[in-house]
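Single chain ahead, written as structure tokens, the form predicted on its own.
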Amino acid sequence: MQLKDKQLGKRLALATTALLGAHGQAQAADGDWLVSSALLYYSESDDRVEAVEPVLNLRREYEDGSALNLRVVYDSLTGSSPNGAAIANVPQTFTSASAADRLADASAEELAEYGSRGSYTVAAGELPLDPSFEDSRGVLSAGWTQPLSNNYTLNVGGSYSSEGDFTSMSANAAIAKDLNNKNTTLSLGVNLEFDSIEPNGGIPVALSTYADHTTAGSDDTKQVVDMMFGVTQVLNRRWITQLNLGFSQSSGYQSDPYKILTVVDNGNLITDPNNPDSYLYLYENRPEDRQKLSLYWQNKVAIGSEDAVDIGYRYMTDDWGVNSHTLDLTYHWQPLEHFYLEPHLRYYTQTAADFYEPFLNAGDEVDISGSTVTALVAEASSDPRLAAFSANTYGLKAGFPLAQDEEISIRLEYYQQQDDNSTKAVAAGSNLDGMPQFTELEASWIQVGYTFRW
């Protein structure tokens, strides 16, 4: 399910954009289609998520400078995803997300028949991974570019994305103005996104107990407004620079309905007072609003007659407490007419969200009075995507231009995280003593692309 790993979706989108971007703005003859196709295979370490993603991008330009762009993406995702529970030195048993819907109102007979297949046990010292992560996603998008008078250009578009538990629709528009003999371009764009979330088992009540699985409804919604102001400047015949300022406002259901937090007493797991067969876990809760501000600066510099360097920097800050820095470097080296290499380096680092917690402590963060469990915090999430970490990406692309607007390419990438979090105190000899509180992620992917004119 895509809700389980939005960051994965972003990495896949970034990967395919990088593959197709080299030809996305190529000039096709009037009435011709420029076809950019790609196939991506993505794999995470420790038998976690695997993805296969074919992409097809069609672009048709006309004599008046207008253009139509169509894009189709399909994701097939399988594997295991962290459920948010802490690593402990004792085995832990959970109900899979795909079984939650059936077990929520199951009869005694159904529980006996399906319960064993709807649960999974994690060995001592292992990261709790839900093995039921399996989904497919289809995306359709279209865009139209129309030159206007006085050196203005209008871009409009929209997209539709659908998967098992998540549907998204978006519409976008941007206006650009060329100045200074087209050496300067000012642009302003807006994107509106409307999401519908329908998780298996329903929307859990925020910070309610995992064993009870109390729901607040079957679905919920989220809305996102993104705005971007950009300036592109040709500095000289070899150097072009771009500066973008972005603002994003999202409101609605922001939590991950499949993520939970472990409740401990001095580092020891606690039995759920209402369910002696389960340890105590709470469903996460995130704020319903989020504002982001970002600054992006990109430079492309030609070196010699065929080579070029592309370097970009992005800073993002939000009202959740997450601040991130991204440095991206690509070098285009073309030693032969029909062959080039593009080594790629990317460095990313972020601080943790204000409400990120690897687990919750009984007493000061969770009150347990008899059979009543009450969270004493308003928001909390153990999602590693909201933790403090840094990450390096190393890649290499090889391209084989065959003719004008025809090319075969292959790209290999490797991604590795590093833990930047402070360790939360636990008692010596407890269930969490000596256990990692953040599990670093490693992933690799390969992309094969083919671009041609049709």
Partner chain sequence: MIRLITRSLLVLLTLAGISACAGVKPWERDLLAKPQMELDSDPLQTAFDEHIYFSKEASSGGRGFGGGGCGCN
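Keep in mind the model is a prediction, meaning the values are calculated, not measured. Positions refer to the first chain, counted from 1.
Note that the form predicted together with its partner chain isn't included here; everything after this is about it.
Student: So if I measure heavy atom distances to its partner chain in the model of the complex, which of the stretches 174 to 182, 265 to 273, 84 to 92, 374 to 382 falls within 4.5 Å?
Tutor: Careful reading of the contacts points to 174 to 182.
Student: Can you tell me whether V322 touches its partner chain? I mean in the model of the complex, with a 4.5 angstroms heavy atom cut-off.
Tutor: The answer is yes: V322 has a heavy atom within 4.5 Å of its partner chain.
Student: Although its partner chain is absent from this view, report whether D367 comes within 4.5 Å of it in the model of the complex, heavy atoms only.
Tutor: D367: no, not in contact with its partner chain in the model of the complex.
Student: Flag D318 as yes or no: does it have a non-hydrogen atom within 4.5 angstroms of any non-hydrogen atom of its partner chain in the model of the complex?
Tutor: Yes, D318 sits close enough to its partner chain in the model of the complex that at least one of its heavy atoms falls within 4.5 Å.
Student: Quick one: does K300 come within 4.5 Å of its partner chain in the model of the complex, counting heavy atoms only?
Tutor: Residue-level check for K300: yes, a contact with its partner chain.
Student: If you check in the model of the complex, do T78, Y281 and E357 all have a non-hydrogen atom within 4.5 Å of its partner chain?
Tutor: No, the candidate spot makes no contact with its partner chain.
Student: Quick one: from Q291, Q223, T215, S136, grab the residue that has a heavy atom within 4.5 Å of its partner chain in the model of the complex.
Tutor: The residue from Q291, Q223, T215, S136 that makes the contact is Q291.
Student: Quick one: of S208, S251, Q233, T153, which gets a non-hydrogen atom within 4.5 angstroms of its partner chain in the model of the complex?
Tutor: Only one listed residue qualifies here, and that residue is Q233.
Student: Mind listing which residues of 329 to 350 have a heavy atom within 4.5 Å of its partner chain in the model of the complex?
Tutor: Sequence-ordered list: H332, Q334, R346, Y348, Q350.
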